[in-house]
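Next comes just one chain, in structure tokens: the form predicted on its own.
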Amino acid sequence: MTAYIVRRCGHALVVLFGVSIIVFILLHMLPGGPARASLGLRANPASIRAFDLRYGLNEPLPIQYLIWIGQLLHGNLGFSYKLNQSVDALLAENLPRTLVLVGSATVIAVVAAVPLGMYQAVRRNSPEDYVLTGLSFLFYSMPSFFLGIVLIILLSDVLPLFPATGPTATQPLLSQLSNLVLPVLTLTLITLALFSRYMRSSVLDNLTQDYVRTATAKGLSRVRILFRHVLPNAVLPIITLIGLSLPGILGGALIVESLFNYPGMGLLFWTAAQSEDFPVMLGTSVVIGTGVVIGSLLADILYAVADPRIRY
């Protein structure tokens, strides 16, 4: 197990290295470059040269990348020209709020998907199963921005139950729980639709296994078979699915944060992309990429912990 973790950590470093190279090159291929984006379209060539000289942008692209990586290894993610603030401070301020949004939506979706998927499997081909399946397909195929708009119209306009905007950055999140409802609900419904479908399929697959027939022949009750034997085996694919779904969940969080003006990593990246704030886009991409790789690694480890039959 230890050797496997060491190998996966090595693979993770290679992936992060490749992601950093690709993102760095793509951002520097944008028209105008950092100097033009920071100084404006009317900046004269002398100002642009001075800006490039000050921030090392006059060096060849590989040298710029090595300088940036060196700063990154020392915990320096750069400085935002637009916001006049270090990227480290911006990420430290916005990352916890995104973790609250993504973490809440994922936990609620998993907790709801497990019993929902089991109920659909037990009631297979019943009217309830058809209705829940139709809703799952509807939410899973619906773009997050469209679902968010629908929820705003229904729960904020037609039925004024919750605010149409997310919490503000000037007050603690716990004092703005009503503002969290619609952003979390939007992300939860899409994630729940995916997890419940996998849980239903996993339970149906386990119900056909020999150990279920043996337990039934021994006279065990249906409830005991489901919760004592089927559930521990059926929930295993969900663990892997959580790790694989992190990129999609984080991508959905970017759209949700932009839609509800939620002050997190997604809104920070969206604002930086609009203003061509290169250091912020680089820092955000690296942090999100690191989170996805770590999440995938943790999912593999938890899979082995949850199933003693698995040995890496």
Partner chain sequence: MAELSPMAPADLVVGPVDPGEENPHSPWISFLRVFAENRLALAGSIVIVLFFAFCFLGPVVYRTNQVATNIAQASRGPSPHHLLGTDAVGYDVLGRLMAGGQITLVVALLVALLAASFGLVWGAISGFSGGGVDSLMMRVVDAALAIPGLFLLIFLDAILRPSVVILVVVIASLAWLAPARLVRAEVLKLRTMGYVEAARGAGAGPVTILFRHLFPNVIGTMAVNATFQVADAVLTVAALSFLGLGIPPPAANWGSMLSNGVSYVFAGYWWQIWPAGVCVVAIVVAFNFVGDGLRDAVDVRLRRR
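Positions refer to the first chain, counted from 1. We call the rigid core whatever largest set of C-alpha positions still superposes within 1.5 Å between the two forms. Predicted model, so just to flag it, every value in this text is computed and none were measured.
Below: the form predicted in complex with the partner chain, not depicted.
By the criterion of a heavy atom within 4.5 Å, residue 61 is excluded from the residues contacting the partner chain in the predicted complex.
Although the partner is absent here, residue 208 is not a contact residue: none of its heavy atoms lies within 4.5 angstroms of the partner chain in the predicted complex. The closest heavy atom approach of residue 56 to the partner chain in the predicted complex falls outside 4.5 Å. In the predicted complex, residue 141 approaches the partner chain with a heavy atom inside 4.5 Å. Heavy atoms within 4.5 Å of the partner chain in the predicted complex are found in one stretch of 210 to 218, 76 to 84, 103 to 111, 141 to 149, which is 141 to 149. Although the partner chain is omitted here, in the predicted complex none of 48, 65 and 89 has a heavy atom within 4.5 Å of it. Scanning 173 to 208 for heavy atoms within 4.5 Å of the partner chain in the predicted complex gives just one residue, 197. Once the rigid core is used as the reference frame, the Cα position of residue 68 differs between this form and the one not shown by 2 Å or more.
With the core held fixed between this form and the one not shown, residue 16 has its Cα displaced by at least 2 Å.
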